[in-house]
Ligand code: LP5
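Below, in structure tokens: the form predicted alone, a single chain.
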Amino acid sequence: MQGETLFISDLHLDSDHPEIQQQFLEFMQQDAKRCDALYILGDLFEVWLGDDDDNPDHQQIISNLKELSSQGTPIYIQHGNRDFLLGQHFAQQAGCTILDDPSVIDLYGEQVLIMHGDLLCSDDADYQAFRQQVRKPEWQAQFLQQSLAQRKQIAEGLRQKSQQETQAKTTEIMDVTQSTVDQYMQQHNVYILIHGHTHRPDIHKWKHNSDDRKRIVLGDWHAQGSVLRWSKDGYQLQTLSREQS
């Protein structure tokens, strides 16, 4: 369909969930092939150890992204909390453009703020401190200097620690902070925000200083796909069911 832009996030692709990878490949061959642009708002991969990552499943995704972009579909991607090491070599190989988080884009005349969403969870002080550390160029350079095997070991340790900490955190802490949402929207002078990360697909509407605002949250792809379809005529947050084998 012409005049339609698609948004997805939080696929968390890895070799342990081939059904998600297969659904994404089908999505690219069908829905994304006909759209004006595809935006991936972070966590395309469950883990990305660097652009020398030799996971064959990842390479298949890169090849398919490149094919899609070569056919004329612009692909834009933001870093997530799982794949923040995606670099320019990946972008070149996949035919994608890496966008800053946050970024403001023009959607058929509407100024819209897009984010992965983890920055909005400002009540989670421990995570925000960790995020600030691993986004520093010095930390990333030191990490990427290590062998791929060493990086895999470090990443697995960090993932286990994250899972343990997540279990101990309240639901409120792991969700967005409304004041932070308002702050980002005010800073970028927008009335619509699209993000992922929280795995809580929904469309929130509220007033701030008498202005109508909207926050559209993309779902993850663990049990089914989640896509936001945006056209000149409006938008739809849609669930893509997965065939059960």
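Numbering starts at 1 and runs along the sequence shown. The structure presented is a predicted model; accordingly, all values stated were derived computationally and were not measured.
If you look for the form predicted together with the named molecule, you will not find it shown, but the lines that follow are about it.
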| query | finding |
| --- | --- |
| R82: touches the named molecule in the predicted bound form, heavy atom cutoff 4.5 angstroms | yes |
| Exercise: L158 in contact with the named molecule in the predicted bound form, heavy atom 4.5 Å | yes |
| Distance check, V47 to the named molecule in the predicted bound form, heavy atom within 4.5 Å | yes |
| 4.5 Å heavy atom contact, I154 to the named molecule in the predicted bound form | yes |
| Stretch in contact in the predicted bound form with the named molecule, which is absent here, among 121 to 129, 69 to 77, 86 to 94, 104 to 112 (heavy atoms within 4.5 Å) | 121 to 129 |
| Triple contact flag H195, S210 and Y235 to the named molecule in the predicted bound form, non-hydrogen atom at 4.5 angstroms | no |
